[in-house]
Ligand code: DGL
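Only one chain comes next, encoded as structure tokens, the form predicted alone.
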């Protein structure tokens, strides 16, 4: 049985930049008693354009930073890092904290629906890995899948280009891919994409169910903490948000991802 002091330790969250704040916001909403420590590796964003070895190196260093902050759980709020580094992080640190990635909860949620064909959009690293196809087919072997790398979406969203003619044109160009013509559902396999979910749903006029990882990851975090008796019983408000490189534009964009104004602290771990 965990002690109350163990349960009151913070949850660490990291991403290649500030897109993972969509996951952090869902956690803050669903788990108001938990203290969050977020780290955005803005010095190396986007991870979707990096090699798997580089992502593993960055992830190991960031997790060490979060463990030094006494985190009881690490949430990998980045699909590229979840794909490239999750197993390595478990190998190194499984005895020091619980780990949750953004791939497994989304796969389990979608596979439980028994769709006939699903689409996936994500960064190049995530699509190249084939992780979503592998895991979905392990749960539903007859599922048809069409996956497409959509590398323009994350930087477009980071720059604040959403819900306008430019963003809608880019979204339309990607989603007009013939492979999406007969899908039942679409997985948004990047933590940036929830911010354009309404535009994606509008493109399909409600004929396709759209899933992202925010709420399903928050639910898995709750379930894992409850299983290990690590849910905090004391309301906490002192969330901390760190970035490895700081510019005023990052500070301005955080409100878009988190839904409210937050204070970013520059912590150059590199």
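Positions refer to the first chain, counted from 1. Keep in mind that what you see is a predicted model, and the values were worked out from it rather than measured.
The protein also exists as the form predicted together with the named molecule; that form is not presented, and the subsequent description refers to it.
Only one of 167-175, 76-84, 93-101, 139-147 places residue heavy atoms within 4.5 angstroms of the named molecule in the predicted complex, namely 76-84. Not one of 13, 34 and 219 places a heavy atom within 4.5 Å of the named molecule in the predicted complex. In the predicted complex, residue 187 stays away from the named molecule, with no heavy atom inside 4.5 Å. For residue 63, no non-hydrogen atom is located within 4.5 Å of the named molecule in the predicted complex, even though that partner is not displayed. None of the heavy atoms of residue 27 is located within 4.5 Å of the named molecule in the predicted complex. For residue 243, no non-hydrogen atom is located within 4.5 Å of the named molecule in the predicted complex, even though that partner is not displayed. Only one of 154, 106, 183, 120 comes within 4.5 Å of the named molecule in the predicted complex through a heavy atom, and that residue is 154. Interface residues of 20-49, taken as those with a heavy atom within 4.5 Å of the named molecule in the predicted complex (partner not displayed): 45, 46, 47, 48, in sequence order.
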